[in-house]
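To begin, one chain is listed below as structure tokens, in the form predicted on its own.
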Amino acid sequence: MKQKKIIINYEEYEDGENLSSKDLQLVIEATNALSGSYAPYSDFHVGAALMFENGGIVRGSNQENAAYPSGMCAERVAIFHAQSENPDAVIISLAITGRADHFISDEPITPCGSCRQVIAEIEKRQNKKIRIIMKGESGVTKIVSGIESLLPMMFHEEKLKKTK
């Protein structure tokens, strides 16, 4: 048996200090996206904003539904909208933030497993990592360079190919 470690590197910023202007702009856009959130069941609102290489921005918010799992996370709303409208555009960064109705969300909002897998496939398809910026209502902002930091040993489509 061999024992191995997975090390995750990320940047951490105190309450938005020293964020680049582009990162700060994207966090503001993700915060603005919270207004479109529909979360009557969880009372947990999530906003996401992504930026293309050309500087264009697409926003998304979580959309719940009484018939779980018919709703969708903010990240996938933004990504799927972006891909359907701009299939050849390269996504360079994605900001995620959230707000709860009954408590202060002071931890960075991270993508769920399904969103991580979608981000992984987008990175593979565009052959470029996506910078992921995660922020709560307050507290630190964490940034990773590429989904592999959040989804080590990820599933890729090569695993679907059959050989005889």
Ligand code: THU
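Throughout, we count residues from 1 along the sequence that is shown. Keep in mind that what you see is a predicted model, and the values were worked out from it rather than measured.
Below, we refer to the form predicted in complex with the named molecule, which is not included among the displayed structures.
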Open item on the list: For a quick test of understanding: in the predicted complex, does each of 51, 91 and 132 have a heavy atom within 4.5 Å of the named molecule?
Closed with: no
Open item on the list: Only one of these stretches, 51-59, 124-132, 108-116, 27-35, has heavy atoms within 4.5 Å of the named molecule in the predicted complex; which one is it?
Closed with: 108-116
Task: residue 74 within 4.5 Å of the named molecule in the predicted complex, heavy atoms - done: yes
Task: Sequence-ordered list of residues in 26-44 near the named molecule in the predicted complex, where near means a heavy atom within 4.5 Å - done: 42, 44
